[in-house]
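The chain below stands alone and is given in structure tokens; this is the form predicted on its own.
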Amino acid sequence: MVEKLRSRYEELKAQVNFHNYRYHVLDTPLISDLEFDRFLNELKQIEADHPDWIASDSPTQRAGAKPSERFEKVRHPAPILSLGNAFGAQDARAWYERIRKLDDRVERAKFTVEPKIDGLSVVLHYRDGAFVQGATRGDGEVGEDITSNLRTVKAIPLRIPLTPAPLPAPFGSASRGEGKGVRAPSYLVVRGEAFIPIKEFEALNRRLEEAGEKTYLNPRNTAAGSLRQLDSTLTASRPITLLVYQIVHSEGGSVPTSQWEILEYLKALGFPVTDVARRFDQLEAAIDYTETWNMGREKLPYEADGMVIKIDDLHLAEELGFVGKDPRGAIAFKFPAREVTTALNDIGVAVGRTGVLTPYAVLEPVEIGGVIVERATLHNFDYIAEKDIRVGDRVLVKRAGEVIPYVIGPVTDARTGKEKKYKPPAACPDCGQPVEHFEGEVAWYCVNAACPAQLVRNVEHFVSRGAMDIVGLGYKIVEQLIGQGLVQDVADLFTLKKEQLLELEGFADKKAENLLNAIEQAKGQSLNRLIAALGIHGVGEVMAGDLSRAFGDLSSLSKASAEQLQQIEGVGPNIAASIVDWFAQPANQKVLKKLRTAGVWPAAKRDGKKKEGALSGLTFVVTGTLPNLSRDGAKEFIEAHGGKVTDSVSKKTSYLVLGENPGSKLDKARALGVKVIEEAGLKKLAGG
């Protein structure tokens, strides 16, 4: 048993040292912080039970990893240490009890709470007020000289005041007092965390993606990799900033002796410091504040994996000493992990109610933020290709708040060569019919109107107010009809019998008769409503009207070629192909035949002479909810005055009619310089 435990101990030492090297030296971690912490905590527990096993090569006896051979070495004037971890309030209280037993002054201590930023720890040296050297943390005693790269970080002051500078206004509880001046010691060494803000990171990835270059997995590795490379021009091109929080060493002057006052002092010298730090008189208040950021960390502009609770009295903190190389005077209160790595066992495909195929990851089960995650979204097939995500990869998975977990990307360095590249399916996984993908669009579609995965949504759309307008046929009844096998496609609605409805829960004579009457009335709906009801991809109410006027009936429309369809304004190659493909599907042809047999086969007059009016020659797009006109009402109003309505904004659009809660059409109109008017402006144009 002891031999087995000793073997596990040696294995853990090797694992932690290896992952320290990947994280601190190569900036390409293979596992998440959560997984690393589990290895490290298991190692610490074994050492606590067997202190005689602890040797100098144990990772618990060092702060990071050996510095890279690529850089000149910098010996720190004092150890640059890491912190012990608390995983929840109970761990934080246990930390407090341990240090309280060592020194009863802890009972009267104040606590300063600061964010634990997920970045690269850097050490900055100032002599006579000038920035002269910058280094990484390295192994805590020796770091790497990255001075030239750090000079490109605009947040780092290249000079700090040697003559007294005014203190800033206090940003929390009591300060050292306004009106006093501060000056830097002749030699000052400070510590901070370099990082890339989340929004800047997302913008950087968008620029790289547009340029066809490889994107990054997360802000921490990007910042670390940008600072720890030999070309400072590349560092300068990255949106790196930092926050400073510690004085490591000083000579030739006095500095504050409380952590809270250190933050104010650093700010007065011109260093960027956090604005969310707070000081508390009791530990419980500090814990409460920390836990509010666990719930609200999305409000922080940077990635943070916890908050740090520090004894405010720095003399007391120093006298408390160390456990291994972790100072007792502070604890890192870790948030539940939002990012972990795990194995991607397979890629599945879900068919949405509108026919869109969405890939998802089948994962080796892993805990993220207290939840066991077995599936995660992969967004779309383009995302899989762009990120080069392969079945069998080790992938980085993120879950933030209540957001559905998603795969950030693969850990390519963990590949063994057995991973398999993924190809989108050629057939729908639910109905087996061919899928469709249009050039320039992200989505892939199943265009089978009778696809089981889409049927409820298709029927719901078919009976909706903007389509066939069958009153009384809501979502729950649609589910009942499909669940009982009474409706297998939209055409089956028109062959329903009263005795079939009476067998359904909630139906009596009157309700059944009312529904059948509404279905019978729907047989008289116009051709444009029927076309819109079919749910052809890209064909909305406006385009359905254009197709109705152009072809007159479904028989003619079903035989139209892509070239003929593109003669209609607003119908491009993708929509034309979508219409042709829809009518070519055998299952859809079966639906049309059943509709015709049921007497649902309206005809419309072909385009004749267009009505002239005040809006003649003008093309409109309507977005949002208008105060008085419905969408159909606005269309009828515009057409009654000679204008034309289309579904999408283009350079040919004369006006965008704007209502409340507009969609992306407003952004596109602004980008194209299309004039925007409201309902009142529309009526004024029409002479009303």
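Counting begins at 1, following the sequence as shown. Computed from a predicted model, the values in this text were never measured in an experiment.
Not on display, but discussed next: the form predicted together with ligand IVH.
Q: Although the partner isn't part of this model, could you tell me whether Ser258 comes within 4.5 Å of ligand IVH in the predicted complex, counting any heavy atom of the residue?
A: Result no; Ser258 lies far from ligand IVH in the predicted complex.
Q: Can you tell me if Phe335 lies within 4.5 angstroms of ligand IVH in the predicted complex, counting non-hydrogen atoms only?
A: The answer is no: Phe335 has no heavy atom within 4.5 Å of ligand IVH.
Q: Wondering, does Glu114 line up within 4.5 Å of ligand IVH in the predicted complex on heavy atoms?
A: It does: once ligand IVH is placed as it appears in the predicted complex, Glu114 has a heavy atom within 4.5 Å of it.
Q: Just to confirm, Arg297 within 4.5 Å of ligand IVH in the predicted complex by heavy atoms?
A: Looking in the predicted complex, residue contacts with ligand IVH do not include Arg297, since no heavy atom lies within 4.5 Å.
Q: For the chain shown here without its partner, which stretch in 153-161, 77-85, 407-415, 573-581 has non-hydrogen atoms within 4.5 angstroms of ligand IVH in the predicted complex?
A: Residues of 77-85 come within 4.5 Å of the partner.
Q: Looking at Tyr245, Tyr265, Tyr126, Trp95, which has any heavy atom no more than 4.5 Å from ligand IVH in the predicted complex?
A: Checked against the cut-off, the match is Tyr245.
Q: Here the chain is shown alone; which of Gly355, Pro219, Pro359, Pro327 has a heavy atom within 4.5 Å of ligand IVH in the predicted complex?
A: Contact residue from the list: Pro327.
Q: Would you mind checking 187-205 for residues with a heavy atom within 4.5 Å of ligand IVH in the predicted complex?
A: Residues within 4.5 Å: Arg191, Glu193.
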